[in-house]
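Before any questions on how it binds or moves, here is one chain, the form predicted alone, in structure tokens.
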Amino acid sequence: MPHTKRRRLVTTAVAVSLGATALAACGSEDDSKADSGPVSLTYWTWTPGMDKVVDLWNKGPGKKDGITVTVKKQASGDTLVTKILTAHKAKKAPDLVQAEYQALPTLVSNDALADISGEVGDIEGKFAEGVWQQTMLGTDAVYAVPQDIGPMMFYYREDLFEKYGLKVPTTWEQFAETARRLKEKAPDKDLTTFSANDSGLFAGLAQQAGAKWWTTSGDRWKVGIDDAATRKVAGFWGGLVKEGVIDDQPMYTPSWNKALNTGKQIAWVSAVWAPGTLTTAAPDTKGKWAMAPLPQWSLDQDVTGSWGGSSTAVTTDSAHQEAAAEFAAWLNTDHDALNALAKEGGIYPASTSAQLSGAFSHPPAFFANQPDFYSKAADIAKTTAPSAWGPNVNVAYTSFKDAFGAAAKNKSDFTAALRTMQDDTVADLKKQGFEVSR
């Protein structure tokens, strides 16, 4: 791989490491692996119903172009990342993989993903800038096509806000005051909870505040988990927990479900996929919730964070990278494909053109009382802040759960827990052989 291209990737905000492994851009310029004749591709994905979506390809453009795709269902998260890397070491990774955005730096640093900028660069305009940026890792390469996103929003019980005379907060300061007012009027209720089990939620809140957790300085990584933006977020939520005006129980438990279903908790900081969760967690509250933009840190801001989302990437092991990139582009931009993904997989598409059509031309059934749900969601999605991921997100997330879980339980200093998260992440990078600067 040319040294200049390697240096470009290393010296960017979400750059890939200086470890012993080569970077995924290697060979992409000289070995395009063009295809001729029938091509068979394998796609590892966890999205429900993907086989039905792929059938549209195989019976349509794929049949015309002689490109057949076979879906192999996989687990998600770190389990799939490990499986991809294991297969790649044996040079047997599939042609295509579904990858969460925060997993891309790990996969690229292990030379597992190909640069497909030459094949998919012309579809960049179909995605919000902050979303497309997550697939470039700060370089001129493109390592995946965005598939689904999770722009963050504020959900609240419209009926209970009216009952207790509460206004929907537009700033975090107003959010804190709303929590206090509710506790005064109904001591047995909480506005929401701070869940130390959900590192992705905290990361999205820090992202909204302007945090950049992983950057590079020269040839060194810099970890900024305890930067000013994140300290502001940690101090804010830690203060509310210590004050006792919000709950601190974890989410996605029977107790949490009951709190939502009975109105003990009357709001939830979540993402666009929340209606699906509320349908099962709080079935008795159908039609009683409404969605609004996240509160802002200042009135002149209009930005949100991300909680969730994934992409479609082509591996360096694929003998048919051009054909694989063609399929990845179709899957995430074609009108029929996106409608099928929404129907079968329940995703919220990254493609801006699909966010107001098909399944998204009417509100979720659980939010039938808010006809403009998806038009509002599309506007919010456009304000997604850039993210900055690194090669050991899993370590940072584990440290968050341990340190913040203890702090929430003891109602102790969240900023101290943040320093622990910072120190653990830095120590792991050094252990892996990365150069790290403070």
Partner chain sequence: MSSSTSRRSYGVKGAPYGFLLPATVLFALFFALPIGYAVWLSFRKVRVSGLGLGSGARKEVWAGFGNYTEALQDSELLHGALRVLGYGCIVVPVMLGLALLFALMLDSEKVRLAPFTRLAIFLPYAVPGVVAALLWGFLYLPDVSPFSFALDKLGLPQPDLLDGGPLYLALANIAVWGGTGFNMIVIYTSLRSIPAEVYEAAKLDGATPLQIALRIKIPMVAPSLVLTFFFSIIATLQVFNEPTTLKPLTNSVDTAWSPLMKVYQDAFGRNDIYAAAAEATLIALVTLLLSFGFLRAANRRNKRDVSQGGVR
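Positions refer to the first chain, counted from 1. Everything quoted here is computed from the prediction, not taken from an experiment.
There is also a form predicted together with the partner chain; it is not shown, and the following applies to it.
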| query | finding |
| --- | --- |
| Residue stretch of 205 to 213, 81 to 89, 364 to 372, 228 to 236 approaching the partner chain in the predicted complex, non-hydrogen atom distance within 4.5 Å | 81 to 89 |
| Contact flag, N58 vs the partner chain in the predicted complex, heavy atom cut 4.5 Å | no |
| The partner chain contact in the predicted complex: G118, any heavy atom under 4.5 Å | no |
| is_contact(A408, the partner chain) in the predicted complex, heavy atom dist at most 4.5 Å | yes |
| Heavy atom of D428 within 4.5 Å of the partner chain in the predicted complex | yes |
| Residue among N110, S270, Q102, Q355 with a heavy atom within 4.5 Å of the partner chain in the predicted complex | N110 |
| Contact residue in the predicted complex, from G287, G218, G165, G125 (heavy atom within 4.5 Å of the partner chain) | G218 |
| Sequence-ordered residues of 367 to 405 touching the partner chain in the predicted complex, heavy atom within 4.5 Å | N394, V395, T398, D402, G405 |
